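Read the single chain below, which is given as structure tokens and is the form predicted alone.
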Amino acid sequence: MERQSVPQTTIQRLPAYLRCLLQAQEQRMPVVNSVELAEMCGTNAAQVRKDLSYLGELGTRGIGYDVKALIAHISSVLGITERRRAAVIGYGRFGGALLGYSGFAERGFEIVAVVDADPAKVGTLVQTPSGEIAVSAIDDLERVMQEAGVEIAILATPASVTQGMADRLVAAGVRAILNLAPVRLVVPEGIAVRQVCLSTDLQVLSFHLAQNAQHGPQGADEQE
């Protein structure tokens, strides 16, 4: 299977399928069909079948998908069958909250470095699901990224410095960035960037509230 043949919109839905399959596994469901998986994920069966068809011949007509096998396959496609080394850039309230999130370790991501520009925070020991880490100085960013073998950087920095941090991370060899700042990053080709903007999502929710007030609740829970 060619990884490039999977549409980006499908790739964005794969983590949701994986989460639902893990829930099915916890409920001791050995097999799940497209209707059941769609109900768990909040989509429709046709979309599930279409998305999974990009990954190969996975199900059995009239029976469904083997839950354990599909978990393994989607995990392989997402590249999380091996540990991914990640760093948090910015040890403020947002960055600090991320360090306590157990979901990183559960999904195969290990926080191996924390970097901040505040001299008062440098050297502070912080607890992560993988153990304690000392906060490193921003001046040592490149060295820390290389020595820790960081693959993914999580940018929790002020908007004004985010692009500069991204430039330094790319120069240090980091090839994937999760950006939490409300800034659109410009990076070289081949660098993967995902943007998480809470203010945008809140504005979308506000839109639905406004629509509900005018027209009732229809469509307020629609998902892409």
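When you see a residue number, it is the position in the sequence shown, counting from 1. All values derive from a computational prediction rather than experimental measurement.
What follows is about the form predicted together with the DNA, which we do not show.
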Practice prompt. Check whether Arg19 has any heavy atom within 4.5 Å of a heavy atom of the DNA in the predicted bound form, and answer yes or no.
Written response: no
Fill in: Contact label in the predicted bound form: Glu189 to the DNA, heavy atom within 4.5 Å
no
Worksheet item: Any of the heavy atoms of Leu58 lying within 4.5 Å of the DNA in the predicted bound form?
Response: yes
Discussion item. Quick check on Ala171: any heavy atom within 4.5 Å of the DNA in the predicted bound form?
Written reply: no
Item to complete: Name the stretch: of 152-160, 171-179, 30-38, 195-203, exactly one has residues whose heavy atoms fall within 4.5 Å of the DNA in the predicted bound form.
Response: 30-38
